[in-house]
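Just one chain is shown here, as structure tokens, and it is the form predicted alone.
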């Protein structure tokens, strides 16, 4: 059967799932998207182009993988569940520019997987690892050009939260340092198999051409973001003491040098203020 005459990716996936008796696992957060129409619409919004190299995290039954392969130069999908191997092998048979590796995305070496050159990320991953994956991608040494990811609506609101709001958190600050976020589409539970109990959003995060702040020590700045939100009911001075092993007076001096009230809590600060604190801390520790 020729490539052009074979069944759609959606039909191949549904047949393969039934043929191999695959059942989703709740503990792995498996909620598959099988609708070729919906996925095509989402990938249109993601603007995946013919020359793109794509890292897909969580290929599920392979429908999106197949559609990505039609649009991109190369697709590398990372899947944790080896139980999906016979399904994915069948769905992606005859798709030469798509490859699946069976690894834990949180432990995977992105640089080793993607090699040199730019790449983009597309993901429909378990919601319980959303924050961890976003932070890993946003802080990677060679991060992606863009991240298009399906998230719980509540998580999308956190990602796009503003400094000083209740939702402003380390993940939101880290993602804002990385790029510009937007919600492309709200996706209802019934679009998934099985349906989750929440509304979902397909988000796109484009890496900044120029970062909004340029810290003296990027690694220290990212550590500072985590420290600032480590204990939300504590002042930033107390969090600095706990995270960086400095005394009360040293923490106070760092904040004063950064032009920040010594009684402030970390969640009240925007990226610019957090960067000033990190720079003052770098001076103190350097």
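Positions refer to the first chain, counted from 1. Quick caveat: nothing in here was measured; it's all calculated off a predicted structure.
A second form of this protein, the form predicted in complex with ligand SAM, is not displayed here; the remarks below concern that form.
Asks: Can you work out whether residue 85 and ligand SAM are in contact in the predicted complex, taking contact to mean some heavy atom pair no more than 4.5 Å apart?
Replies: Because no heavy atom of residue 85 falls inside 4.5 Å of ligand SAM in the predicted complex, the answer is no.
Asks: Just to confirm, residue 40 within 4.5 Å of ligand SAM in the predicted complex by heavy atoms?
Replies: Contact check for residue 40: no, nothing within 4.5 Å of ligand SAM in the predicted complex.
Asks: Does residue 30 reach ligand SAM in the predicted complex, with heavy atoms at most 4.5 Å apart?
Replies: So residue 30 counts as contacting ligand SAM.
Asks: Does any part of residue 81 reach within 4.5 Å of ligand SAM in the predicted complex? Heavy atoms only, please.
Replies: Yes, residue 81 sits close enough to ligand SAM in the predicted complex that at least one of its heavy atoms falls within 4.5 Å.
Asks: Name the residue from 237, 57, 227, 48 that puts a heavy atom within 4.5 Å of ligand SAM in the predicted complex.
Replies: Checking each option against ligand SAM in the predicted complex, the one that comes within 4.5 Å is 57.
Asks: Report the residue, out of 184, 140, 160, 129, that has at least one non-hydrogen atom within 4.5 angstroms of ligand SAM in the predicted complex.
Replies: None of the others qualify; the residue that does is 129.
Asks: Counting only non-hydrogen atoms, which stretch in 255 to 263, 214 to 222, 58 to 66, 228 to 236 is within 4.5 Å of ligand SAM in the predicted complex?
Replies: The contacting stretch is 58 to 66.
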